[in-house]
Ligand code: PFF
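First, one chain by itself: the form predicted alone, in structure tokens.
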């Protein structure tokens, strides 16, 4: 007899867990970087509009699919598509989501492992000694990522933390971790933002972020804003769908989706304030690579008063954000084994966690430790290495395709009666708001995500 399906303790548990899934390196570095690259204020406004018109509708769609089916992605599409156009073929969309979760976690945990090393170094004082020597930090980081043993160890430690968060279940594991880490994450970020107000670059940072100049807005900027609005909410890979399957029938889906998007956006804006204050204070160079968080940024921290405290707080913040994200990725994969293979949660979590760790060794060794794995380039030299290849495939193909077909399935294949039945539960059930969502999910969201895919194929844009 199957074990009872887990459920969140209530609305707050679901919102914190889902927000934790969405919040990650994309908020703490990717959004500040692309905002800087696209000249600030006007880009931020377009991004906020894209979150409202594209991100939230697709998030609501994923929650509907999860709660309606009470299953993980593969089972959800198998159940909900039964007797509908396409039939069992829609299960392929579920498999795409599970595969994306597996692949992304296999390399995301490598970067997450770096946060553990840097947190320890900041607390022990060794980071400060390196960061204050010109060029020493770049040399250290280059040697560190090329050390296969160190990368495997960091990956293993972070996967242990991730497995621990999923092993104990929805309420006692995932939700408990989110209830502890998300408030701490916000408190640390707020403390850093308050400190940022004391820096010389703070006034310029605020003006840059909140004073729009539409003359600097380009078609490329608009596409990038739409793309990030989609990716930042952890959409297209079934994480929100899976979390939605644990949601109570009395909770309001639209209100939950709105709350998650607001939390995610506030964290991204706070991160911008912190980063821009530092960037403008020291006129530092900015790089697209997240590696800048482990090279340039630490050197700047130690030029500020209380640099040791700032560095330690920052890397704890990044580690917390990474952990809430990796937990959701593992849950997508584990829930597949629980629902479709009949495994117990403990068996599914341990087995899938181990499989992802072993597969992740390929990524760990492809940053310089192994010449073959580091040099393989099936997609061209700009994506050389297993790590970069998988990152490109997941970010630029698996997630957008998943998001596009989730919108199509929910808007065009599922009946309006079924989607309305889920949205009206636990809320005022405004038919007008439902009609607005239905227009957005049927037309606006597919067109927007289709534009992302078009820009990848024909304009050479990348979303990583």
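Positions refer to the first chain, counted from 1. Owing to the predicted nature of the structure, the values given are computational and were not obtained by experimental measurement.
From this point on, the text means the form predicted in complex with ligand PFF, which you will not see here.
Residue 112 near ligand PFF in the model of the complex, any heavy atom under 4.5 Å?
-> Because no heavy atom of residue 112 falls inside 4.5 Å of ligand PFF in the model of the complex, the answer is no.
Should residue 25 be classed as touching ligand PFF in the model of the complex when contacts are defined as heavy atoms within 4.5 Å?
-> Yes, residue 25 is a contact residue.
Answer for residue 239 alone: is it within 4.5 Å of ligand PFF in the model of the complex, judged on heavy atom distances?
-> It does: once ligand PFF is placed as it appears in the model of the complex, residue 239 has a heavy atom within 4.5 Å of it.
Look up in the model of the complex whether residue 329 has a non-hydrogen atom within 4.5 angstroms of ligand PFF, and give yes or no.
-> Residue 329: contacts ligand PFF in the model of the complex.
Residue (of 232, 155, 277, 296) lying close to ligand PFF in the model of the complex, criterion heavy atoms within 4.5 Å | Looking at 232, 155, 277, 296 one by one, just 232 meets the 4.5 Å heavy-atom criterion.
Heavy atom within 4.5 Å of ligand PFF in the model of the complex - residue from 320, 102, 108, 387 | Exactly one listed residue reaches within 4.5 Å, namely 108.
Name the stretch, out of 201 to 209, 224 to 232, 358 to 366, 340 to 348, where some heavy atom lies within 4.5 Å of ligand PFF in the model of the complex.
-> Careful reading of the contacts points to 224 to 232.
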